[in-house]
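For reference, the chain that follows is the form predicted alone, supplied as structure tokens.
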Amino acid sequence: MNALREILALLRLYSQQFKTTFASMVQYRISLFIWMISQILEPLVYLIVWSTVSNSSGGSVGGYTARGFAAYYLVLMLVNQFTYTWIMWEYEYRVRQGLLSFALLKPVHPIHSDISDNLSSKIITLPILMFVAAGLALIFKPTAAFNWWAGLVFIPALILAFLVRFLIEWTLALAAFWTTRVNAINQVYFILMLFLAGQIAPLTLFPNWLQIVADILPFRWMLGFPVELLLGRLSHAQALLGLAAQFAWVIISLVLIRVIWRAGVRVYSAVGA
């Protein structure tokens, strides 16, 4: 019964948090629109580049035709929109300006507010992005080997991808407790993600050793795995191993957040404006 009451209390908390953050996100819809443009342009550039390479290489590169690349990057664009977070840029500002002090006075963990912010932004921008993706699909005519079981497994894979990415980035954001200049950490992280998550190109186009590294680190499970899964490029065994890897990284991230958060709060002091 205690566990049920805690779950119901958490649901009520999220309901109230969501109403507040949704209203805030509506006020900043221009900023969200600008952010969304970058979410569209990056995969669109890669799509055009790899489609051109495919057409000039006999119609296929690494098992991807021009239409195959179109399917990959259009799905990637939607998955990236569902999983992205800006928390790594936000935390430095919170610590440097002393804003985190107010969050620490609240009776709930600050991570719940960040989750509400993130989900609110997705609800506002995702319909527009899907409309853009539909228009791009008419232009580039993507093709893929979709199958029913991959579509079903894709749903939990997408949710786990969001959790892995959010929790990993929230953990890395806590570096702001020890240094108020975290840009170098952020840049290294996003460069690694560019290659190891399958953003710049499908991972199957990279050397075997790099694919192994991608399997070990969390980046592929944040982005590339659900994309490959929905496009029908994974076997049943690969899909199950991928879900297991995602679940493992969720557990690892939760443990890291618990440990680093406690250590960080002990050393925290607001810098101020």
Partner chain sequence: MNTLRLIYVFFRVSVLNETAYRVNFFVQLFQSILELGTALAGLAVIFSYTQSLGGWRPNEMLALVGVYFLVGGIISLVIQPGMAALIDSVRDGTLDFTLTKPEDAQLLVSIQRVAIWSLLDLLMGTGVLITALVLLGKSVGLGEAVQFIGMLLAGAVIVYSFWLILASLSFWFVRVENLLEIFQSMYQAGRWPISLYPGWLRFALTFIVPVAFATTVPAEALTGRLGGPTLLEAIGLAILLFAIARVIWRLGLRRYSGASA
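A quick note: this is a predicted structure, and the numbers were derived from the prediction, not measured. Residue numbers count along the first chain shown, from 1.
Keep in mind that the form predicted together with the partner chain is not shown, yet the notes after this line are about it.
- This chain is displayed alone, yet in the model of the complex one of 150, 88, 136, 75 has a heavy atom within 4.5 Å of the partner chain; that residue is 136.
- Contact with the partner chain in the model of the complex, judged by any heavy atom within 4.5 Å, is made by just one of 248, 240, 217, 41: 41.
- At least one heavy atom of residue 201 is located within 4.5 Å of the partner chain in the model of the complex.
- Interface residue remark: residue 104 is not counted as part of the site for the partner chain in the model of the complex, having no heavy atom within 4.5 Å.
- Although the partner is absent here, residue 64 is not a contact residue: none of its heavy atoms lies within 4.5 angstroms of the partner chain in the model of the complex.
- Although the partner is absent here, residue 235 sits far enough away that none of its heavy atoms falls within 4.5 Å of the partner chain in the model of the complex.
- Exactly one of the stretches 76-84, 105-113, 136-144, 150-158 approaches the partner chain in the model of the complex with heavy atoms within 4.5 Å, and it is 136-144.
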